[in-house]
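Only one chain comes next, encoded as structure tokens, the form predicted alone.
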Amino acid sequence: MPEGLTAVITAFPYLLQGSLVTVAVVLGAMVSGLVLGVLLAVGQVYGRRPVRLLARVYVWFFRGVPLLVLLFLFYFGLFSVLDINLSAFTVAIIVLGLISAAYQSQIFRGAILSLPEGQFKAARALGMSDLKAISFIVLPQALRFSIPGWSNEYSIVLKDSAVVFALGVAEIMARTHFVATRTYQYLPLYLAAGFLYLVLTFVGVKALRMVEEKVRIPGYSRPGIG
């Protein structure tokens, strides 16, 4: 049996354990990014001028600074200065979540702006407060329309998660690199890692498409889309 194939077979259970870590990082980042992204989107659309400005600065910063720089900035810089002791795993989720929130906010913002403005005015006319109108009228529709964009964001966060091995997080890439440097079977092992990422991408996107179909209202589509 070729040495490369032997190395892959031997290391595959170890790499699969790394897949669980990768999934945990991605899910943690996506959920935290969802919560913060919705708040940022609502602030950009309905907030007062200072709130809108603050949200834009946030989006500009986290979309403009490279992921690796932010990981080092938070792990070795900010948290160290503040004497906050967090694991590399936790920091990875926080940083990826902050970055994802910047991108998700634009997805949600576009979905909110695509809704007919009359719905918000009608909710006000019925006596609903702005908060209730946003929570019960605007956001349920906007979240439905955001699922396709959220699928793309999942793929991006999954690929970005490979960078967190720089902090020592034992995910797929870190484990693959560890084994490869000891067996010198770089090509087959990195191919195996790529295969795992492809499988995780396919499964995640497929699951989100199933969710999209499940929450889709028959005969009701996003404005501007047939």
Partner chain sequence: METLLFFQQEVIPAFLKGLRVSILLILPSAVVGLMIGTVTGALRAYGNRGVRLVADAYATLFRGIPLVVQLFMWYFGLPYFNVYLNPFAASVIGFSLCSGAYHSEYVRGAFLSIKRGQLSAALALGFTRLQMVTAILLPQGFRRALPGCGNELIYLVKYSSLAYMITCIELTGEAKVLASMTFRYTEIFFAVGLVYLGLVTFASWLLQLVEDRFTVPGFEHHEL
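Quick caveat, the model's predicted, so the values are computed rather than measured. Residue numbers count along the first chain shown, from 1.
Below: the form predicted together with the partner chain, not depicted.
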item: Leu131 within 4.5 Å of the partner chain in the model of the complex, heavy atoms; value: no
item: Residue contact check: Pro188 to the partner chain in the model of the complex, 4.5 Å heavy atom; value: yes
item: Gly194: touches the partner chain in the model of the complex, heavy atom cutoff 4.5 angstroms; value: yes
item: Proximity of Phe89 to the partner chain in the model of the complex, heavy atoms at 4.5 Å; value: no
item: Option touching the partner chain, based on a heavy atom within 4.5 Å in the model of the complex, out of Pro116, Gly77, Pro140, Gly127; value: Gly77
item: Listed residue that, although the partner chain is not shown, lies within 4.5 Å of it in the model of the complex (heavy atoms), from Ala55, Val179, Met173, Val42; value: Met173
item: Partner contacts for 78-104, taking the partner chain in the model of the complex and a 4.5 Å heavy atom cut-off; value: Leu78, Val81, Tyr103
